[in-house]
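Take a look at this one chain, the form predicted on its own, written out in structure tokens.
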Amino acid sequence: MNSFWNGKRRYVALLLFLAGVFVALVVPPVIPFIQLAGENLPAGYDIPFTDIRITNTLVAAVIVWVLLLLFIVYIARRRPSDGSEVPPGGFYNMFEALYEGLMGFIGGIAGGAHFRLIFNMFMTIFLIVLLSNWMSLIPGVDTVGFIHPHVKEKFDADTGEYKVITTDGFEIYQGFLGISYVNGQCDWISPADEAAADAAALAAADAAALAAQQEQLEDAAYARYQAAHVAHGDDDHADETSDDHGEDSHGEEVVEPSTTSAAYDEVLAARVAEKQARADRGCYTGVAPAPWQDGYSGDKDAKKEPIPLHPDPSSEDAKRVPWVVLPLVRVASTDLNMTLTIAIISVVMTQYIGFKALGIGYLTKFFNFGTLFKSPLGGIDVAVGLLELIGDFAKILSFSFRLLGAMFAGAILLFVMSFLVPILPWPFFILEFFVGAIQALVFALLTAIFMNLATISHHHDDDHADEH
């Protein structure tokens, strides 16, 4: 271990750590727009010779397959040609130890005539899912890509036309080499939302002033009530003071304008401070002068043009819409298409090996009518077989959603923690490292177990019982 960190490696690790801290401090972190389905890349990124748009999860899946092919070539080139050759050190030795350990482990579960097919399926699924899961740990995945205006078209039944409406998103700015960046410190605020917030602040200020006025009236009435009791006594003048208190509560009190004005101004000052804080962060939305400030223009200068659907990021129209990051690469195992595909392959291969091992008799696992009229428990065998059939279809759902849920939740955890603690999210990356490995092992191991069970005849136990 000590020799591994000797020499240049320690300086490379330190340089990478400092680079990570620098980027985290200079570039504001952004939480990508989160959705379950894979995002389509912009126009022009189609599958060759088709009109099917490429998704960022498909890009990740292609990268996984390329890495897997390169990995196979590497192992084949490093593998000793015969038993007399000394194996090379480093990564190859580690992978060989892992491979032999997994082979022995699966051999103890599914040893027999079909071991090679079961192990090959296990190892293939394990490597594909493992590489897909670990892609979330690579810098740039889910964070580098295209900036996309977060708007959508909605049909207006009154006009019979489609109009563009805005949703949530962030502001953008032009950075190094004219590249557009999403400003994670400034969420985009529409003029309508800003006007609504200003109106809410005015209403809150009026309410605060009214509350301050009411409090003054109540304090003055209580002071008169106390003074009357002290001057005349409680017993002799209870009725009189009670009448005086009632009269004082309803009027002829002098309210200090400075107090109500202070309560009114305090609420409005908080709203102005909120706008100024956004302006100090470099935001360009939500910073317009409020109705009670100098420079307020109201609706006179409001733009009446329709909201642009595909504005140029470097134009002024870019400020009129919210923006989100459309990642170029997104972890493939966070897309249901990928997890569902592997789940279907797993279940299909389970049925294939069952027919290969047992022939047409494999169907008796699901349709066991042989004992229906021979035994009082024959109906139970039929019901169990139908439950087995339903269970095989349910495996598709359990396989796909287990992996999808774990990896999708892990990706969101990395987004949020990198946003909240941009300098030190390392514990969560380590957690995701082990979660990705465990999920890959669980998926592949369950496939191997189900394939092995499919090769075992259900009549074996009955025949064995008849012998005794």
Partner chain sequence: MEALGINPGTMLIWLIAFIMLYVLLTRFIYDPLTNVLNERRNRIAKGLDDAAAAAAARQNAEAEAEKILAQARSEAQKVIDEARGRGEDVASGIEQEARQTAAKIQYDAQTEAVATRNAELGNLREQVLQISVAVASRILGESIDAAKQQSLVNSFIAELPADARGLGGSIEVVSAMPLTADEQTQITGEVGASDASFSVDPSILGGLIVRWSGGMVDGSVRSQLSQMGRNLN
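Predicted model only: the values in this text are computed from it and were never measured. Positions refer to the first chain, counted from 1.
Separately, the form predicted together with its partner chain exists; it is not shown, and the next lines address it.
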**Complete:** In this chain shown alone, the residue from 130, 342, 353, 106 with a heavy atom within 4.5 Å of its partner chain in the predicted complex is 342
**Request:** Sort through 213, 337, 185, 190 and report the residue having a heavy atom within 4.5 Å of its partner chain in the predicted complex.
**Result:** 337
**Message:** Partner absent here, but in the predicted complex, which of 109-117, 274-282, 314-322, 191-199 has residues with a heavy atom within 4.5 Å of its partner chain?
**Reply:** 109-117
**Prompt:** residue 79: heavy atom within 4.5 Å of its partner chain in the predicted complex?
**Reply:** yes
**Item:** Non-hydrogen atom contact residue 430 with its partner chain in the predicted complex at 4.5 angstroms
**Value:** no
**Prompt:** According to a 4.5 angstroms non-hydrogen atom cut-off, is residue 65 in contact with its partner chain in the predicted complex?
**Reply:** yes
**Asked** Could you tell me if residue 69 has a non-hydrogen atom within 4.5 Å of its partner chain in the predicted complex?
**Response** yes
**Request:** May I ask you to list the residues of 92-128 that have any heavy atom within 4.5 angstroms of its partner chain in the predicted complex, in sequence order?
**Result:** 92, 95, 96, 99, 100, 103, 116, 117, 120, 121, 123, 124, 125, 127, 128
